[in-house]
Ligand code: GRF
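Heads up, the chain below is alone and in the form predicted on its own; it's given as structure tokens.
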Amino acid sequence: MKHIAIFASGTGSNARKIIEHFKGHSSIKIHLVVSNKPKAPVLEMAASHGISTLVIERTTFYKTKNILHELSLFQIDFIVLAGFLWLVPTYLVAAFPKKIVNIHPALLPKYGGKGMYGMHVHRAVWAAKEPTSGITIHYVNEQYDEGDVIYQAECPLSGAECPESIAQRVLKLEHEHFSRTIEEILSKKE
């Protein structure tokens, strides 16, 4: 059985889709949801599905390796970043080589890096009058959005788009592809 920890900072729409996708799966289980925000709606959503939750604090996350102990208690094999906005520290990347994935709401390498998340990305795509946008699922390394690309999906944009409509179209791609891609990765690692 592969045990996944989902790291999320917000409402958790991707986390919810992942939890629903793997509910009752024969070899993959969502075992823990970790958030850096004590009042993040994702925590309540996870608890409603019977999934353990953990709130982390910035100084402890970056100045100690306590999270490794917590993850070992839950026998975590794989980490999924689903709207988690902090840079993953080097020690955590080293402890989970090619076992941490992130989803980014743009076609990397465009519109990635520090500060490029959520509506910041969609506004930048809109302002540049890009003909397409999409998602990138990638392995996590020590830099924002620079890990090896695993999967990309794109959607064409019309001149009538606005940042909000781009966000809706990209979110649909996230929900359609993230869980399936995670399952494919973990199936290859068996």
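Just so it is clear, the structure is predicted and the values come from calculations on it, not from any experiment. Numbering starts at 1 and follows the sequence shown.
Unshown form predicted together with this ligand; subsequent notes refer to it.
Proximity of residue 168 to this ligand in the predicted bound form falls outside the 4.5 Å heavy atom cutoff. The closest heavy atom approach of residue 82 to this ligand in the predicted bound form falls within 4.5 Å.
When contacts are judged by a 4.5 Å heavy atom cut-off, residue 76 does not count as touching this ligand in the predicted bound form. By the criterion of a heavy atom within 4.5 Å, residue 179 is excluded from the residues contacting this ligand in the predicted bound form. Counting a residue when any of its non-hydrogen atoms is within 4.5 Å of this ligand in the predicted bound form, the hits in 4-23 run 10, 11, 12, 13, 14, 15.
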